[in-house]
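Only one chain is given next, in structure tokens, and it is the form predicted on its own.
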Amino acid sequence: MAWDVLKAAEIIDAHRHLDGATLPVLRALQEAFGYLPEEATAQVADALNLSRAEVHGVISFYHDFRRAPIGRTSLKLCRAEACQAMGADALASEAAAKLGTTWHGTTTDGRVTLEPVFCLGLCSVAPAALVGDELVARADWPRLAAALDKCGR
């Protein structure tokens, strides 16, 4: 969804009364729009009487906030030590090459976004991935491709 200043203002107004309103406002905006474009920084800063630097700092600190729309399916590959020891780096390289993107990037058709995640709790069956809502243990490219196909890759 494209950024809508009026809808964003409504969302901000609905959350501005909360203690520490910055995070709830940013989360609600991202939930509504799917990402936080540069316009969000100025609008939130003005509405909450913060500097743009403060809002930018919050957005850039938390990895879950996105500055660009993501694909319809998220492919999260574990970057924790157990997964790295079991070949996650090679898997990440292969996935990036097959998808034609890089970390935090989205395929040209807008279907898949490749994201790092730090531990999915599947250390004993590493490397691990999360394709949409589906956990993939002992992940390799064929398993990831099959999970992506289920999501309508």
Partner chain sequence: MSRTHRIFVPADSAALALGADAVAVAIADEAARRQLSVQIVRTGSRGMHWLEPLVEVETASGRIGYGPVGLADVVSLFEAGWLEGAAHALCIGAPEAHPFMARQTRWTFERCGVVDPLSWEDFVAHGGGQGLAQARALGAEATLAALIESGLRGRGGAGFPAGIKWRTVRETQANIRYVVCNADEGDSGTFADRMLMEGDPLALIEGMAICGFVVGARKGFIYIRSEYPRAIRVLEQALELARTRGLLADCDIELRIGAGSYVCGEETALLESLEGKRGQVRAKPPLPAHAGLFGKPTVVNNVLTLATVPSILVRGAAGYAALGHGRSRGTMPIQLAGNIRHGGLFEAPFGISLAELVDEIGGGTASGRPVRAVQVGGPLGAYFPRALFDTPLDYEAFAARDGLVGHGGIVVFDDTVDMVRQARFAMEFCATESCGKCTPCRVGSVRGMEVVDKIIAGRDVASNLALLEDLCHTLRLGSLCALGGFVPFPVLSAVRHFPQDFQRP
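Residue numbers count along the first chain shown, from 1. Only a predicted model underlies this, so the values are computations on that prediction, with no experimental measurement involved.
Keep in mind that the form predicted in complex with its partner chain is not shown, yet the notes after this line are about it.
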> Here the chain is shown alone; which of 110, 121, 100, 34 has a heavy atom within 4.5 Å of its partner chain in the model of the complex?
Replying inline: 121
> Of these, 96, 28, 86, 45, which has a heavy atom no more than 4.5 Å from its partner chain in the model of the complex?
Replying inline: 86
> Taking 4.5 angstroms as the cut-off for heavy atoms, does residue 57 touch its partner chain in the model of the complex?
Replying inline: yes
> With a 4.5 Å heavy atom cut-off, would you call residue 67 a contact of its partner chain in the model of the complex?
Replying inline: no
> Counting only non-hydrogen atoms and a 4.5 angstroms cut-off, does residue 79 reach its partner chain in the model of the complex?
Replying inline: yes
> Closest heavy atom of residue 136 to its partner chain in the model of the complex, within 4.5 Å or not?
Replying inline: yes
> If we check its partner chain in the model of the complex, which of the residues in 8 to 44 reach within 4.5 angstroms of it by a non-hydrogen atom?
Replying inline: 18, 19, 20, 22, 23, 24, 27
>> in the model of the complex, the Cα separation between residue 53 and residue 102 changes by 3 Å or more relative to the shown form; did it shrink or grow?
In response: farther
